[in-house]
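To begin, one chain is listed below as structure tokens, in the form predicted on its own.
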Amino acid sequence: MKKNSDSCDCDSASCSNHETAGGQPVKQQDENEQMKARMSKIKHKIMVMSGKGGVGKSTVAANIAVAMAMEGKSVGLLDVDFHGPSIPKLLHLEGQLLTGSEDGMQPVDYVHGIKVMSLGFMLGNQDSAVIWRGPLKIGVIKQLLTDVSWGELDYLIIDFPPGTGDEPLSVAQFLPDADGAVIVTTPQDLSLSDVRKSIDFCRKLNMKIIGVIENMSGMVCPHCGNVVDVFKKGGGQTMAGEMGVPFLGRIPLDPRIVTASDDGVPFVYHFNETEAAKAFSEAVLPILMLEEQGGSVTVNPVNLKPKESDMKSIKIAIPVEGGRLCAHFGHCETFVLVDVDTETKKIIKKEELPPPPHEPGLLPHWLHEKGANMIIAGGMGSRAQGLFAENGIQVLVGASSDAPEALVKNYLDGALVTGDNVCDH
């Protein structure tokens, strides 16, 4: 009988094809254990993704890495965009040669101690096309996670190619303990449609979504400093609200970002006083909060307001119908917004506003723009409560049908009685 060329009848335990008790070849098990050992030294693994190309994903990944390093964190940056590795160009690292040691491949050192690894370092000609099928990509990704000597890191930022193909799928499977994904979009509908697929991809793989960044959100005029909405504005935030995921902020399109990227200069460091650089720094706050929150992000730190006890004044929003609290906040006649001084426990200002159209995800964003810190409601569904939390608005449910001023006074006096949530759906 002809033997299968892929079989092995060797009885030696030293043979790489010899199976362990778990059914894995010894070589494969050794690689998995080595990868696990490498990754165990990295506290947090963050994936930067987008369903659409051309949204500035690599620029966002590079500047997030630099911004985090500026906060004193030890950071690694892994570029797995094999067909268009941008990180070497963005960081002015073209032509760098990889070195090895007994501990494995050594990543390239960058400013602030950032460690960088990219397939771009392995290409002799930067113009060479990488024509690989899926199995080869998967093998190289595993090698980068297994053989690169990252050492101990606070964060590893992983920059993916566009889409939901082999690269993000492989990393998600190799790193089931990854903290989650930062998803990059631009404001226009064409980009948002593809980004929704990235969110769906994450959910199907049970991967946490740290949040959405809206890049190229308006252009800063280099002459007058005004912002022009070239690709519209707010689409990313609206989409994040509709999909029930955190929104991390808007990055304006600043011509200096383009210049810095072409020159290989970290924009967020050299132009740290610009609005775009400040937006990058704010966008990393939820990532920095991972250590404090045990690896999870449930609110939007960009919009997060100080603790109530630390605020001298707050604005309370109350849905009203017929002069009293409306049981269902989304179908009220008007919203009463009450500014209160928490020290003197007095009402400073009160105004009534008609609500916007009843559309999914719109009310939390609208009330946030009106400056609300808190909403007192009779009932509210759990998903809606999550959207308010993402917009930095505390929700009190189960309040009785009473006049707005009476509800606010009871709240300030610590006498507000809340019962069952009358609209928990």
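Only a predicted model underlies this, so the values are computations on that prediction, with no experimental measurement involved. Residue positions are given as counts along the sequence shown, with the first one as 1.
Only in words, not in the display: the form predicted in complex with a small molecule, which the text now covers.
Each of Ser86, Pro252 and Ser261 comes within 4.5 Å of the small molecule in the predicted complex, counting any heavy atom. Among the residues Ala384, Val55, Ile393, Ala399, the one placing a heavy atom within 4.5 Å of the small molecule in the predicted complex is Val55. Residue-level contacts in the predicted complex: of Leu144, Val284, Leu90, Ala181, one residue has a heavy atom within 4.5 Å of the small molecule, and it is Leu90. Using a 4.5 angstroms threshold between heavy atoms, Met216 counts as touching the small molecule in the predicted complex. Although the partner is absent here, Ile158 sits far enough away that none of its heavy atoms falls within 4.5 Å of the small molecule in the predicted complex. Not displayed here, the small molecule is approached by Ile257 to within 4.5 Å at the level of heavy atoms in the predicted complex. Heavy atoms within 4.5 Å of the small molecule in the predicted complex are found in one stretch of 32-40, 66-74, 46-54, 363-371, which is 46-54.
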